[in-house]
Each structure stands twice: as C-alpha cells, then as structure tokens.
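We begin with a single chain expressed as structure tokens, specifically the form predicted alone.
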Amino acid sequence: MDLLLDNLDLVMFLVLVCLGYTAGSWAEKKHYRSIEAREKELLSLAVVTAEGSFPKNNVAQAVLVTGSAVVSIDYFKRLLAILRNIFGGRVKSYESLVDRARREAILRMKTAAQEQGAGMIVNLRLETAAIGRNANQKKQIGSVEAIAYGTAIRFNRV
C-alpha cells in the first residue's frame, strides 16, 4: 500500500492513459459503425471521379455539391504517433484519422446530392488539410479536414 501511495502520480498517469485510450477507441469504433451504416444507405448513389458527358435532354440539373469533415486525433494516438516517428514505420493512428475524415466528407457530399434529387455525382475531388495550432510548424497534426466536392446530376424523368 505504501508503494502505491509513494507512486500515486505514476498510478494516476497510467489510469488516465488507460481511460483516454478506452474512450478514444470507443469513439472511433462508434464513428466507423455510423460511417458503415450510412455508406450502405447511400450505396445506390453513384460517385465517379471521371468527368461525365450526358445528352442535354437527359440532364435536368447539374450543381456543385460539397461535404466537409474535421476529425481530431486523441492524445493517446498522438503519443503513439510521436513514438512511431522516433522508431519509423507506418503511423496507423493518422491513417485511420484521414480515412474517417475522407469517408465522412464523401458521405456528407452524397447526402447533399441526395437532398437535391441527384441520380449520380461526377468528377469527385478530395482535398485534405492538417489544421490546428502549429500543425505545420511542429509536424504535429491536431485535426484533419477533408473536403469532397463534385457535380450532382439530376436526370429528367422518362
């Protein structure tokens, strides 16, 4: 018991690290489940990266649609990324961060297109940026913003 009380700072640190890891993992898994469910719902709305050309009589409307998402990394994953930068190798915590932001931005763009009655989205483009305090100066990522944009095509009813 004396050993525990003597090292109370270390014990509190370890408890907080475990709590942060658990909460961050739970939130990330919950977000992935939400993304997967919405991807299944919007599967019928086609998105292509190529520019499209359609006969004039078939297209009722063509409008720009966008979707944007900002996803932040938790401190535990940032700590793991710092260690990975020291020893080298893939930084999986940043990979999942960018993947979640990209997929969320595409889903928000598809939702915006669906609200306008679009049948498909052509010319999809994706942009990402690291944001946060000193994100580019210290090579630390606080958050990642992903923006998806394309042309939503609403077809004439035949």
Partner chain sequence: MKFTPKQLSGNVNVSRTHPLVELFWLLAGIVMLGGLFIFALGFTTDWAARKAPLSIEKWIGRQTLKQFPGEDNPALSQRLQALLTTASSEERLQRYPFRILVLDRDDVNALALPGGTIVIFSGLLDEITSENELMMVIGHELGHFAQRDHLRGLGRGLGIAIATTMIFGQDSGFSDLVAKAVLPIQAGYSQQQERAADRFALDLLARHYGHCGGATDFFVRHATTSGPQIAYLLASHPHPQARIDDLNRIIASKHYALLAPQPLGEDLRHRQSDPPASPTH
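Positions refer to the first chain, counted from 1. Only the largest set of C-alpha atoms that superpose within 1.5 Å between the two forms is called the rigid core. Note that this is a predicted model, so its numbers are computed, not measured.
What comes next is about the form predicted together with its partner chain, which is not displayed.
Using a 4.5 Å cutoff between non-hydrogen atoms, residue 115 does not count as a contact of its partner chain in the predicted bound form. In the predicted bound form, at least one heavy atom of residue 96 sits within 4.5 Å of a heavy atom of its partner chain. Heavy atoms of residue 44 reach within 4.5 Å of its partner chain in the predicted bound form, making it an interface residue.
After superposition on the rigid core, the Cα of residue 24 moves by less than 2 Å between the shown form and the other one.
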